[in-house]
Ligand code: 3PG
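Before any questions on how it binds or moves, here is one chain, the form predicted alone, in structure tokens.
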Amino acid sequence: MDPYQASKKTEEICRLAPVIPVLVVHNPDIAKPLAEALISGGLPVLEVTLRTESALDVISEMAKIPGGVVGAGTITKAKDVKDAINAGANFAVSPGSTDNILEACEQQNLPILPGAATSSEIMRLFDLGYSVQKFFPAEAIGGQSALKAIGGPLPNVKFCPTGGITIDNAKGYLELKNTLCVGGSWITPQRLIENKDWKSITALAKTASKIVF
């Protein structure tokens, strides 16, 4: 899959809902009910970060849930790409981008949302054909004002900002012309996961799904 096709696919995914839950899940046994809670709340796109030993098992379980589009986040090396595909991931998300990761995704036909933090990084990815990118870590590198400013000279690049996104600032990002969706973890507080309070998570997802975008 070439970068142009990859970006077309990631744009389709990003337009499915205003918020992509960024998930750090340690127990694969809760993968199914957690995914069902989020999907029923109107957030079908799920990013499972490869930050736990169980992440690939979690992706495998969530990929079985009807209506979900499951991605592997925190892709940091080429091997992660193959592992994500074998687990059933529909797309990849990286905090930054390297030639090895991009090449692996292209060869394995896995759409990727490559991370960028500076204008130079954004321009390089766009030059390669990646017109849809992850803006990370959003709040730490200038937030909404930075992303808006980038849109002036680089109007053809669209973003999914993540990093410090909350229910309080998500709408501001989504109102920007160059923002397709946002990624955030506030929809799945650890206390609710530990208590297996799926109803409350569904309620948070419903609120997030109705943010104007």
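Just so we're clear, the structure is a prediction, and the values are computed from it rather than from any experiment. Numbering starts at 1 and follows the sequence shown.
Below, we refer to the form predicted together with ligand 3PG, which is not included among the displayed structures.
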Study note, to complete from the structure: If we test each of N27, N169, S185, S60 for a heavy atom within 4.5 Å of ligand 3PG in the predicted bound form, the one that passes is S185
**Study point:** Contact assignment for ligand 3PG in the predicted bound form, among A205, I13, V22, L192, heavy atom within 4.5 Å
**Key:** V22
Review point. Do G164 and ligand 3PG come within 4.5 Å of each other in the predicted bound form, heavy atoms counted?
Key: yes
Check your understanding: Using 4.5 Å between non-hydrogen atoms, is K32 touching ligand 3PG in the predicted bound form?
Key -> no
Check your understanding: Wondering, does F91 line up within 4.5 Å of ligand 3PG in the predicted bound form on heavy atoms?
Key -> no
Exercise for review: Spell out, yes or no, whether the shortest heavy atom distance between K64 and ligand 3PG in the predicted bound form is within 4.5 Å.
Suggested key: no
Point to revise | Partner-facing stretch of 128-136, 96-104, 80-88, 109-117, counted where any non-hydrogen atom is within 4.5 angstroms of ligand 3PG in the predicted bound form | key: 128-136
Exercise for review: Residue by residue through 47-64, tell me which have a non-hydrogen atom within 4.5 angstroms of ligand 3PG in the predicted bound form.
Suggested key: R51
